[in-house]
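Take a look at this single chain in structure tokens; it is the form predicted alone.
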Amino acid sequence: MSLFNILNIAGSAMTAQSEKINIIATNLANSESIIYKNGKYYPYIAKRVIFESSNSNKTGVGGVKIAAIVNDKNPIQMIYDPNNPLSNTKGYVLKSNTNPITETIDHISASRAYQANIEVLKTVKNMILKTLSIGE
């Protein structure tokens, strides 16, 4: 494996983690959103990013790519609030399944993974520079 393959792998991981951070930010921003569709109100449903390995060459060495962005399977919350204008006949309001604690933990994890890949890039850059200076 050449050093340039390592750059491609770290770059693909940074791209994937960046997309995950964007999805987390979207989930947090829309956690209180209500969508009006077909005459009914629906809460925002959180999204999750699914990663997969991308083997781009014959060596089996690849990077990371986003396989899919799917809806979170956690159940939608039902909050009893009979004074809310969006409540149903029993007084319940549907709320998003976004959990701010889970989103925050996922954000920290994705940020750390992004930072780790930056360190990989810095290390490879230093190794390439050292290699170029051998002949001097």
Partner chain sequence: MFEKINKMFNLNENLLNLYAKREEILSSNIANSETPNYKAMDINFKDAFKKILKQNNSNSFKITLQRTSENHLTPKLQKNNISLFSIEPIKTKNIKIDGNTVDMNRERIEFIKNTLKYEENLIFIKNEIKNIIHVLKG
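Predicted, not measured: the structure shown is a model, and the values here were computed from it. Positions refer to the first chain, counted from 1.
This next part talks about the form predicted together with its partner chain, which is not shown.
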{"item": "4.5 Å heavy atom contact, residue 21 to its partner chain in the model of the complex", "value": "no"}
{"item": "Distance check, residue 53 to its partner chain in the model of the complex, heavy atom within 4.5 Å", "value": "yes"}
{"item": "Heavy atom of residue 15 within 4.5 Å of its partner chain in the model of the complex", "value": "no"}
{"item": "is_contact(residue 60, its partner chain) in the model of the complex, heavy atom dist at most 4.5 Å", "value": "yes"}
{"item": "Interface segment, criterion being heavy atoms within 4.5 Å of its partner chain in the model of the complex, picked from 40-48, 102-110, 26-34, 74-82", "value": "102-110"}
{"item": "Sequence-ordered residues of 116-135 touching its partner chain in the model of the complex, heavy atom within 4.5 Å", "value": "116, 117, 119, 120, 123, 124, 127, 130, 131, 133, 134, 135"}
